[in-house]
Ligand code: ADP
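To begin, one chain is listed below as structure tokens, in the form predicted on its own.
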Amino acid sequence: MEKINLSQRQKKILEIVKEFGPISGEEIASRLNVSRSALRPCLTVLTMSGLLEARPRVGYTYAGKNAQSLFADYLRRFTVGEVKAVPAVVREETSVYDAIVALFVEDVGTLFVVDEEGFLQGVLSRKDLLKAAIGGSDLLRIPVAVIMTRMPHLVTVEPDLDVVSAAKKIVDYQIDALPVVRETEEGKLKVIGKITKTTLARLLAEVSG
């Protein structure tokens, strides 16, 4: 995110609003001894940057947002649907052995289990597969449906959710990936993507560069 370089007039406006706000544009113009029209571009920049808030019939107030808050507001413009990645999926009848192979071939940390129509049935993490592998069972005979985490114990996100909220879910539930789903009229969840820690890290790198 680019650093906001303020002009001397814009800095003076911030000082006035901090001290006298809420204050109207006419009052600010009067204190600076300039016309309201001459002040308008500066007020627009300060409002759009999140430094000032403009409220009808109230006037301008100082938002007091620091760089971290402004960056978070910027990230909230991105939705999960805009940054989602292609999910790695397996069917319920897939053996644990084949799921382990798929995990490494796809180079992912989470597999989403779907039925024949692509509706979400469960989630498989590396930890789930590791527990099954060290249990001494015949991995070729055990279907993933036996060891997966099932609905309704799954955490999902919809494509219109902002990425900051998605990141909070990943942190709060201590998981590596979230299935991006679209709910049907019947209440079923169609898997349309995934959002992971890697997805979020890539987005941060892109917008910060």
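Heads up: residue numbers just count along the shown sequence, starting at 1. The model shown is predicted, which means the values in this text are computed figures rather than measured ones.
If you look for the form predicted together with adenosine-5'-diphosphate (ADP), you will not find it shown, but the lines that follow are about it.
Within 4.5 Å of adenosine-5'-diphosphate (ADP) in the model of the complex, a heavy atom is found for not a single one of Arg40, Leu46 and Gly59. For the options Val155, Val164, Ala54, Ala63, the residue carrying a heavy atom within 4.5 angstroms of adenosine-5'-diphosphate (ADP) in the model of the complex is Val155. This chain is displayed alone, yet in the model of the complex one of Val123, Ile100, Ala132, Val90 has a heavy atom within 4.5 Å of adenosine-5'-diphosphate (ADP); that residue is Val123. Stretch 175-183 is the contacting one of 32-40, 175-183, 46-54, 137-145, since its residues have non-hydrogen atoms within 4.5 Å of adenosine-5'-diphosphate (ADP) in the model of the complex.
Within 4.5 Å of some heavy atom of adenosine-5'-diphosphate (ADP) in the model of the complex lies at least one heavy atom of Lys127.
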